[in-house]
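Quick heads-up: it's one chain on its own, the form predicted on its own, in structure tokens.
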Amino acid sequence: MRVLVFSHYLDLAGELISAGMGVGEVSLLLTSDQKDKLAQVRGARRAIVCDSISSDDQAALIDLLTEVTRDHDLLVLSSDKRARELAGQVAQMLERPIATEVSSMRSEEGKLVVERMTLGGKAIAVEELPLPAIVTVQKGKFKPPEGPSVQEVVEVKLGGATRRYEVVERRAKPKLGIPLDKAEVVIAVGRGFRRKEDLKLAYELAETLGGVVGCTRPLAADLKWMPEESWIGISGVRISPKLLLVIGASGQQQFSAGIMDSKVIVAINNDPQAPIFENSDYGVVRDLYEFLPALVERLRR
């Protein structure tokens, strides 16, 4: 099976290559800003280098991936926001089946058999895709290979493509410090906080523990109290910290699916029936407005 891999982030490419190696021979697509890191790539049989397109040029990437994918049986992308956008558009352009959030895959009787989270994270679905197909892979499910470096480099040029839209401006988003998916300590806050100003309690705790603050969907998407990058859950960021404190969040499945890889989960909620306690290692049934100041004071002693 001919497998094509692409990632905006080369640190994720190793995981995607590993996923592809399980079903076929892997080629890694590199853009102009990535080609200098070719020596770091392991496991891919071939590197396909396009020197005229940057990984920041999403519109051109869609055209490039559409053209290069035509010659492959499977396109493997990551499950981050930018890659999901590419996957959907390339699948539509080529009229190929797509599976997202894939956690494992194998080739079986000419089909691709994948496992992926479904029903908001409550179940794992096993699905068969006819080839050629496109998949996006969950982060952290495949170990980057330690195999040989790339054996063949092929240059490709994109000619005659028609842009469907132009980027007229780019604005850098404010940096939030350590990314949520790389933090060892995360404080996740929910609707138990009555006002935006009260979130300072969570930030004080995060500062004391050397962690970062994330939130549930309502705080980022509905109330706009926190930036979108802070959104934890199946539609936001999946996290895997050593310690996660979930404060004032009920633990709906959409949120809980994004925290299941955490090593230790501590839930703080004044409702003893909150679903979050079912997914926690430790639970504290207390009013957060009483508990957090006392906890921070104790930790600072």
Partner chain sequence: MDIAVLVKQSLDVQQLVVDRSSGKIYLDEAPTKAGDIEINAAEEAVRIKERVGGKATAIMLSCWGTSGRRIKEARESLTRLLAMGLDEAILLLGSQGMDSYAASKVIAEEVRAGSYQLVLAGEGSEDNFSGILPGRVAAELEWPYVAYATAIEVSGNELKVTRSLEDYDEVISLRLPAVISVTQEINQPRIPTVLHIMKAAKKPIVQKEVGSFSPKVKVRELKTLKVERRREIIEGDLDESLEKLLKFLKSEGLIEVRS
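Positions refer to the first chain, counted from 1. Predicted model only: the values in this text are computed from it and were never measured. Think of the rigid core as the biggest set of C-alphas that the two forms share within 1.5 Å after superposition.
Absent from the display: the form predicted together with its partner chain. The rest refers to it.
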query: Considering E207, D198, E85, D71, which brings a non-hydrogen atom within 4.5 Å of its partner chain in the predicted bound form?
result: E85
field: Contacting member of L28, I259, L64, I247, with respect to its partner chain in the predicted bound form [4.5 Å, heavy atom]
entry: I259
field: V150: touches its partner chain in the predicted bound form, heavy atom cutoff 4.5 angstroms
entry: no
task: With heavy atoms only and a cut-off of 4.5 Å, decide whether L38 touches its partner chain in the predicted bound form.
output: no
message: So, G43 and its partner chain: in the predicted bound form, are they within 4.5 Å at any heavy atom pair?
response: no
- prompt: Within a 4.5 Å heavy atom cut-off, is S32 in contact with its partner chain in the predicted bound form?
  reply: no
- prompt: Of 234 to 260, which residues get within 4.5 Å of its partner chain in the predicted bound form if you count heavy atoms?
  reply: I234, S235, K242, L243, G251, Q252, Q253, Q254, I259, M260
- request: Could you tell me whether the Cα atom of S27 shifts by at least 2 Å between this form and the one not shown after core superposition?
  value: no
C-alpha of P145 off by 2 Å or more between this form and the one not shown on rigid core: no
- prompt: Quick one: once the rigid core is lined up, does R96 have its C-alpha move by 2 Å or more between this form and the one not shown?
  reply: no
query: How does the CA gap of K263 and Y9 change in the predicted bound form versus this form, closer or farther, if it moves 3 angstroms or more?
result: farther
